[in-house]
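Shown next as structure tokens: one chain only, the form predicted alone.
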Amino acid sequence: MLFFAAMNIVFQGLQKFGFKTAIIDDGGNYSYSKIEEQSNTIANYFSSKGIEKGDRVAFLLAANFEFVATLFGVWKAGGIAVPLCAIHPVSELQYVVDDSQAKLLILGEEFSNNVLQINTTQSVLISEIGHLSCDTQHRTFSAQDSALLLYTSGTTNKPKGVVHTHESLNTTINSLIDAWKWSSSDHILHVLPLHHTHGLVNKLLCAMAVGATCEFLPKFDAEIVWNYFLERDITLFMAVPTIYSKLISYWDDQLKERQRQLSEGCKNLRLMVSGSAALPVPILEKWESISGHRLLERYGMTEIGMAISNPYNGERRAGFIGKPLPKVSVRLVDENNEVIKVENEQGEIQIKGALVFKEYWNKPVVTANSFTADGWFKTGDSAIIINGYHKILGRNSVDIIKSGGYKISALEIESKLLGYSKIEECAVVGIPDKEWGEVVAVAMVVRGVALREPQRALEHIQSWAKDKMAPYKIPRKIITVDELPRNVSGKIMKKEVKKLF
């Protein structure tokens, strides 16, 4: 069966790499041929259930072989894939199913109880599909046909459905294969959710496109990950900063000989990537001292895939996300939407290229307002350029604090604060103030008991920060917490942090 050439970058691997191991999960090892066979069966089942071109198929599956086969099965049937978050409560799953107008819901055995709780027109357990195949012609599709419906994190408002086409997915996949030197000899350890770009596109689909092996862990566990680095031929690892922080904490708790062994295990890897949230410089530097790897930080969004990256070969500059990837146009604009042509001047990142999403699902006005008149996508992220490298200052809505006439980057202050030995994690926000407009406030997770009392912590931090940051950047309010509010991708939910004050 012929598929549009743009998606051959993914589908060609199913036949080209045959019996090579594609997926490793709790159930065993699965070849590319096995994915081809099972995805055909699933596509036939979808067609028998009336799935037509453009219909949305939602699926709630663990990160395993069944997820991969179902994803490809949806596409072979001409549908739009809607992967659901495995740890979301039923109310949030219901929102996505309703908003996407999914025609069919597929569930893994471990989610069977959700069948009765999620209202939908049709639902079925994945285990039942293998016994209900039929001979149905697979559908063809074009570059601009919708392929994937991912929902935003909802860190600043209600989640929006982001529609990607086969072309926009393929553009990001091709770009990353080239930029990060993917090959069929790669073996990636996968510990991230599969309902977001980071886990789905950057890791899984890139691996499938080149004939690499993708090994899933059911959930992140620092000890298990470290042991995999030691015992398996892992060549690639991609994670969020929080995961690297937890790996560092585990390493710190080990005896010297164990630390030496763990560090030695990292030598087998060729690349380690950090993304989905800003990478604090102290974490980058500590990880490099432990593992010998300088993390590659990059920049992307649900709406644009990956657009900017530090180089595979060359300087990976601490605190910077790098330079535009090939075939991606990037510009900074000021508050009047005038293009900034000089360095060191703050502006909003805007993106243009084939990797950009098609639309927000059923939100034409929001979609239109998200683009400029000349077709650039407005990311809402503020940045500066220094010597050609982009540095993220934060989200315009929550990470840029306006205090006393100054525009302050919350991310910059967070990075500075993490240099204080007793601060484990922190989140900086702007709190409304009659005199200053906003003042800098920080919620933090601390080591020991010395900084547990807020007033004492405030005095300590203000004293420590005097020679490390400008006076207007020094926190005016501090609270300590056991953990910071995060979404499933590890991003700190700043709106929830503000509520703590």
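All values reported here derive from a predicted model rather than from experimental measurement. Don't overthink the numbering: it's just position in the shown sequence, from 1.
There is another form of this protein, the form predicted in complex with a small molecule, and it is not shown here; the text below is about that form.
Worksheet entry | the small molecule contact at residue 298 in the predicted bound form, heavy atom, 4.5 Å | Heavy-atom contact with the small molecule at 4.5 Å: present for residue 298.
Worksheet item: Do residue 395 and the small molecule come within 4.5 Å of each other in the predicted bound form, heavy atoms counted?
Response: Taking the distances in the predicted bound form, the answer for residue 395 is yes, it comes within 4.5 Å of the small molecule.
Worksheet item: Is there a non-hydrogen atom of residue 402 within 4.5 angstroms of a non-hydrogen atom of the small molecule in the predicted bound form?
Response: Judged by the heavy-atom cut-off of 4.5 Å, residue 402 is in contact with the small molecule in the predicted bound form.
Worksheet entry | the small molecule contact in the predicted bound form: residue 100, any heavy atom under 4.5 Å | No.
Worksheet item: Three residues, 34, 174 and 201; all within 4.5 Å of the small molecule in the predicted bound form via heavy atoms?
Response: Looking in the predicted bound form, the three residues 34, 174 and 201 all stay beyond 4.5 Å of the small molecule (heavy atoms).
Discussion item. Given a 4.5 Å cut-off on heavy atoms, tell me which of 387-395, 331-339, 163-171, 227-235 is the interface stretch with the small molecule in the predicted bound form.
Written reply: The contacting stretch is 387-395.
Worksheet item: Though the small molecule is not shown, can you say which of 302, 146, 415, 409 has a heavy atom within 4.5 Å of it in the predicted bound form?
Response: Spelling it out, the residue with a heavy atom inside the cut-off is 302.
Worksheet item: Since exactly one of 248, 86, 318, 277 fits, which has a heavy atom within 4.5 Å of the small molecule in the predicted bound form?
Response: None of the other options qualify; the answer is 277.
Fill in: residue 320 and residue 400, C-alpha gap in the predicted bound form relative to this structure (3 Å or more)
Farther apart, which means the C-alphas of residue 400 and residue 320 are at least 3 Å more distant in the predicted bound form.
Worksheet item: Is the CA-CA spacing of residue 340 and residue 401 tighter or wider in the predicted bound form than here, given a 3 Å or more change?
Response: So the answer is farther.
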